[in-house]
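This document starts with one chain, in the form predicted alone, laid out as structure tokens.
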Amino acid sequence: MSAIPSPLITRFAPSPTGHLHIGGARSALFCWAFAKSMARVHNIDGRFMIRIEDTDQARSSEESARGILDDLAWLGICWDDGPSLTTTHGQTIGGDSRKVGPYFQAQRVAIYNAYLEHLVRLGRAYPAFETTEELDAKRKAATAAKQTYKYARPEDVKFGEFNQARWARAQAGERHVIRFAMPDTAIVVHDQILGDVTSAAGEVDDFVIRKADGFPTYHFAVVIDDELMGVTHVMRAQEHLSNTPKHVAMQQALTRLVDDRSAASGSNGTSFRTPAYGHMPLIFNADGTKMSKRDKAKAARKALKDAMAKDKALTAAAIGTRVNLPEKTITDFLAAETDAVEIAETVAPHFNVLLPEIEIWDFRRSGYLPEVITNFIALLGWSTGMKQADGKDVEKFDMAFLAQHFSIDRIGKTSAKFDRVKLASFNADAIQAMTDEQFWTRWTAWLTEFTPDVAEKLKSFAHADRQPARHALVQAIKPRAKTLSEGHRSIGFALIADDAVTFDPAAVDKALRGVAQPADKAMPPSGKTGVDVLRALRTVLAAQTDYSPAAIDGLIPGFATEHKLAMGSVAQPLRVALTGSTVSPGVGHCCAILGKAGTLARIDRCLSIHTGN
């Protein structure tokens, strides 16, 4: 690498057309880590910038922009320059200390137009007046001739010559786009990850840099902004590699105009710089397909088709009625005419479909921890190159480690596989490493955001006098939870009133009405039912003062031994009385969570219902 610039500036420039994709989060993380690690190693100013590329007015929204910034902040990927964001914790991120904003491209159109006219007058861009219908007809003709369509530069347009007549037509208001005139020479991209990548002469045709609506295309705006905002390094996914020759060609064609900023920097009249590029590997699913929002549509579509195969009465019209969508919308969705995420997410809850997490918001909602997400996605295409004492690769680390050790030379060239099993394992390990109080704090915060009704029901456990019950609750949840969303699934019995327990008929038949089994299988059954055992156990529990899980779990074996009963014949009737089911956390934890009063109240109600007294 040549001399290291200071400030060294990386950027992440998302389009606000939806939630932040996991791949975008990985790009932002690598850009942040590179800036911070280079700053540490070379003792320079390393800055990470956010820019919102919202020139697609039809698809962009302020809500999406805010959501993307929120997701980045949640992940702990904080930007030095960019839109200001005040988090829920009162932290302010971003700002325009370098005075290179605004950071929303829709607010920079006047800047783009000045440079666009500059290119036109240099003969490196020109107005084009073909209609959509004319271009479509040419594409169809090329397809019919089994040829690849390529836009043909009009005969009156000469490379490097200003076309006054065309510019006059454009200025008069005739509908047009502006196209960049590509040079008839090869373009070489010096990529820090892939090496030199050459685009042959004539490979790229004259592409649009300003649309008919007056807004610049991504290609033009990104080149102008990278220069004016001082971006020195561009790190992005390999899917953008085909765009880079276009950007390099424009950088070579452009010179800076006279304005306050360029004059102050002493760079007036100089050519646009070409940032150092690094194109990162794509992220694929385990099956080798590209990880995409369309995966949600695929999952929902398959579930609908499976349901329709089982139930012939389930037509597109019937599905539409159930989910409150037009029949044609469902028909088009089933035929893969549309992969709209909104349709998939509307359908999913009605058919119990678990859609794959693709966007950061999905992972947040599923209860993954932000520090686990950043740790995991850092390993998608990058490795630490370090070994643990046991010889295994270092894989568990935090953001501070990444900022210290990240290097671009350890980014791979091949696609990365997103291993959901490994991510869940990482998350489970992080949950297990928490103290009980840390888990309680983070779990209840997640519940408050995503399942406020459950959070409300758990408020009583926060009281000081219920600390033992809260401790038991956490101990019952943590070993079983891979994500925060799984926490409350096993303790539903604790979220209802003592007189609201519903009993599973199969559990009642087996555990309460069934005959209790002796500890020694060679002995004949005693003839006592589970209800009889529960009644005798109730007397022992009423005399018990210590309701900690350990105390209750120690009491049960003693009772079973005294009555010469199998452990299951003691624990299962109690479990059914407390939870209504034979599946729950250990009975010691159940009793501790409910407390003595709750435990006895539930046993009494169970006995009353199932014995008639």
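Note that residue numbering begins at 1 and tracks the sequence as displayed. Keep in mind it's a predicted model, so treat the numbers as computed, not measured. Rigid core: the largest C-alpha set superposing within 1.5 Å between the two forms.
There is another form of this protein, the form predicted together with the RNA, and it is not shown here; the text below is about that form.
* Asked: Any of the heavy atoms of G82 lying within 4.5 Å of the RNA in the model of the complex?
  -> G82: no, not in contact with the RNA in the model of the complex.
* Asked: Taking heavy atoms and a 4.5 Å cut-off, does G320 contact the RNA in the model of the complex?
  -> No.
* Asked: Wondering, does F351 line up within 4.5 Å of the RNA in the model of the complex on heavy atoms?
  -> No, no contact at 4.5 Å.
* To do: Determine whether any heavy atom of V587 comes within 4.5 Å of a heavy atom of the RNA in the model of the complex, and answer yes or no.
  => Contact check for V587: yes, within 4.5 Å of the RNA in the model of the complex.
* Heavy atom distance at most 4.5 Å to the RNA in the model of the complex, all of K146, S242 and K422 -> Per the other structure, all of K146, S242 and K422 touch the RNA.
* To do: Could you check which residue among V454, C78, A430, L194 gets a heavy atom within 4.5 Å of the RNA in the model of the complex?
  => By the 4.5 Å criterion, the partner-contacting residue is L194.
* Asked: Given that the RNA is left out here, which of A299, L282, A106, V188 has a heavy atom within 4.5 Å of it in the model of the complex?
  -> For this set of options, the contacting one is L282.
* Thinking of the RNA in the model of the complex, which stretch from 495-503, 270-278, 87-95, 479-487 has heavy atoms inside 4.5 Å of it? -> Of the options given, it is 479-487.
* So which residues in 41-73, when you check the RNA in the model of the complex, have a heavy atom no farther than 4.5 Å from it? -> Those in contact are E53, T55, D56, R59.
* Core fit, then I44 C-alpha moves 2 Å or more between this form and the one not shown -> No: I44 shifts by under 2 Å between this form and the one not shown.
* Superposing on the rigid core, do we see a C-alpha displacement of 2 Å or more at D96 between this form and the one not shown? -> No, D96 moves less than 2 Å.
* Core fit, then H589 C-alpha moves 2 Å or more between this form and the one not shown -> Shift of 2 Å or more: yes.
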